[in-house]
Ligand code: ATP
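Only one chain comes next, encoded as structure tokens, the form predicted alone.
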């Protein structure tokens, strides 16, 4: 409901002015029909002015022209409920400082009455904007212009759909300027102005959003153009609608001639170029269109005979409508990376590892051979001395020969450890090339566990290794050397990551048709975020003391390959600071390499 706030007395017969429809005694003689016709003409005129307003300043001018048809006043103020509030002051003549200050005080009081947010005069001063077009200037008498007091005030809420968006205030130094007979026209003008101002506000916000959207679009285009990765975007039918410069260059590297005009289909391109990798790329896009995310798919683009062919890594994600109304993807975004250089680095690294491993094996074999020779000689010497001494006397354990023998045992044990490291480097090349060979034989798994534990225990005096065998029949057909290698690798880690010693428990049990071997230590443990990477090559557990631990991060990688090659599974349970349990399974009935490969393909 429109509220009026008028100050000063109201005159039933206002002063005659030159306006189109100011109150006048002459109007009393007009017929009622002529009065209605004049009102309609007036309403139509002011309505056109407000409709034609393209910004808030045009609205101000339309408002002033309409109001000046009714009244003569000194100033018009428009207070808008923005955040923060905005005040537009339109003086029709020069205003004194006292008049201006009193005007702001009255605006604050009136705003409080119509439930405006709490405002102060200081806030109005900081947010005030003066708009004083020459065409609305009114020429008043010098006496009136020198007046410092407000004689009349009219406050009208600006309402749009029962929502107050602001307030219109008129001020004049004369008393009884605003006539009650004109209030319904004033209300009508205020309603027109409110709708026009609200439309302008919405238009300004819309333009700001369009400018922001255009800015974001330009920025996104700049980002896409500067991306080193290739970016490919399709529509819901798999038709390529956008391709950045990096993607074009990758296609050119693959000797693919793209059409100059979009759109085009990868499937059609695959049929034209007869390239296998293009068919695979089309399949990836088709899969993503079924609302599946595809990650890190390698496409061999180069010729198979090349040493390191051009290789692309592709990830594709479905693109959904921002509104979420359409459940099916409206397109696909595919990111294409050239990983050929990474493949070249990996190949060089594998070749280096293979060469170094072979070069290390020769001196290591010599060291082990001479160590074994010395151990046998000292053992014979000790036995001979025991024969020469009285039959019931025992050779002292601290004799020089006994101390030398213990030292040689340690050298031999460490040589075995070094040999395992070298063999791991050689195994890495075999695993990478898919040439990990297995030599199957029948043996008792308990014997292998006992022998490996004995070997590790000899070089680890701080640790106590327990063997817990919970079954009687441990017969197994597998690669004995490889299984011992897995057990040795895990035990080496258990010793290495238990720097303060402690107990290590190795248990063997049977579950259904497979053996379960678990190795538990009391060491530093593994952080949860590292467990997923523990079986990756060259990965080492990172913690505060990781620098004191030796190793190259291949033992578990090779162990995983060996166990999976046998048809088993390997895993780990660990927490930071509470120890680690590694476990692996081996089928009681051996898997042949062909069966294992079939299982791997089936789970891809």
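Positions refer to the first chain, counted from 1. All values reported here derive from a predicted model rather than from experimental measurement.
What comes next is about the form predicted together with adenosine-5'-triphosphate (ATP), which is not displayed.
Look at 217-225, 463-471, 479-487, 521-529: in the model of the complex, residues with non-hydrogen atoms within 4.5 angstroms of adenosine-5'-triphosphate (ATP) sit in 521-529. At a distance of at most 4.5 angstroms from adenosine-5'-triphosphate (ATP) in the model of the complex, all three residues 496, 552 and 557 contribute at least one non-hydrogen atom. Among heavy atoms of residue 584, none comes within 4.5 Å of adenosine-5'-triphosphate (ATP) in the model of the complex. In the model of the complex, at least one heavy atom of residue 541 sits within 4.5 Å of a heavy atom of adenosine-5'-triphosphate (ATP). Using a 4.5 angstroms limit between non-hydrogen atoms, residue 424 touches adenosine-5'-triphosphate (ATP) in the model of the complex. In the model of the complex, adenosine-5'-triphosphate (ATP) stays beyond 4.5 Å of every heavy atom belonging to residue 411. Among 319, 339, 256, 534, the residue placing a heavy atom within 4.5 Å of adenosine-5'-triphosphate (ATP) in the model of the complex is 534.
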